[in-house]
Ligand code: 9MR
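In structure tokens, one chain follows: the form predicted on its own.
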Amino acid sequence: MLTRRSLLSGAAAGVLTPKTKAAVEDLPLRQRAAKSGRSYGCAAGSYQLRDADFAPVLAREAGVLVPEYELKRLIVEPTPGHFDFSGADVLIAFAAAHGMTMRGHTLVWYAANPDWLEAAVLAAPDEDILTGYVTGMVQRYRGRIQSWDIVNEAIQPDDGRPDGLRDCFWLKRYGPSYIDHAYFAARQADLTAQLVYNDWGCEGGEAWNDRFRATTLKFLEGALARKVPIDALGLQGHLAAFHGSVNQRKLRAFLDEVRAMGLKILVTEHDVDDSGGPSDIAVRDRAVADASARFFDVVLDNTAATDVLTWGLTDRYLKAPGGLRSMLSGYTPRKLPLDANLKRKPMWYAMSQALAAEHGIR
């Protein structure tokens, strides 16, 4: 599918001199994104900042930082009423020192919770265990975290509910209104933070993706009609290079409807799974880059799209699925923009070109 973005990108390739092209390609992703009025960032763990080679690369490439796990309730509140903000605070200090903005991930999720939480929610006399937590977290980081994933992955059409919501313990205890209560609590705690609904099933071209997109649109329309303060849709952007693919036509139509609702669109967790591909690293890297390019060719052609985040910056910290068998086969994941040696891969260049195409610089 030809888009305005792909045409701009192709045209620009023919007008830059080798010297100019080399200078532009040296720009880190955060500067590339800024030139098009957008932001690039990534997830990182506080432990990664202790890597003296990686920390300066993170600061150079990323303008937005999201904690990998340090703001999940499993970490923040390991026992009832006892909180650990140490990891998140390290990341926030790093972001402030390097002119980066922060995203918060995530406040209400069916997963990554402490062992005690589900039973406590089901036995709770009121909703304070939900809204009190949201309020406390957003107030604590008011002015320091500019965007929050308030509710994460609340949709699951395969659970068979007419409303398409995931059958989780939050829903069992409070009904569908738990989502509304979380957003209203967050807005009251911070009047200016961007409040995001974040999910992952809208990118692909399979029949179940069609159901997921339709359910997501219905969910967003209903929430906005109830005046729920959702500012943006977080499109996670987990893709696969060798099984399943983005249907550009369907994704474009879906994102156009999201934009028509007045919502912003963020890519919050982009990566490309390269499992199932050949052993040839060059072939795998090219397939990963192509999948990323097809995705962003559509997403960034939408004027509501703002931030682009990958779920990590480098393959350095990834572990091969399958344990010993994968290790013996020599397979290691290559799903992020930089390789394990922090060198730019074809995915980095695909993203760089996609971010630059808005102004025809390539």
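Residues carry their position along the shown sequence, with the first being 1. Computed from a predicted model, the values in this text were never measured in an experiment.
The following text describes the form predicted together with the named molecule, which does not appear among the structures shown.
Of the stretches 31-39, 62-70, 292-300, 48-56, only 62-70 has residues with a heavy atom within 4.5 Å of the named molecule in the predicted complex.
In the predicted complex, the named molecule sits beyond 4.5 Å of every heavy atom of Thr216. Remark: Ala282 does not count among the residues lining the named molecule in the predicted complex, judged by a heavy atom distance of 4.5 Å or less. Shown alone here, Gln194 lies farther than 4.5 Å from the named molecule in the predicted complex, counting heavy atoms only. Residue contact with the named molecule in the predicted complex: Trp311 places a heavy atom within 4.5 Å of it. With the partner omitted from this view, the residue of Ala253, Ala112, Ala120, Ala96 that lies near the named molecule in the predicted complex is Ala112 [heavy atom within 4.5 Å].
For the options Arg144, His238, Arg187, Arg259, the one in contact with the named molecule in the predicted complex, meaning a heavy atom within 4.5 Å, is His238. Residue Glu269 is the sole member of 242-271 found to place a heavy atom within 4.5 Å of the named molecule in the predicted complex.
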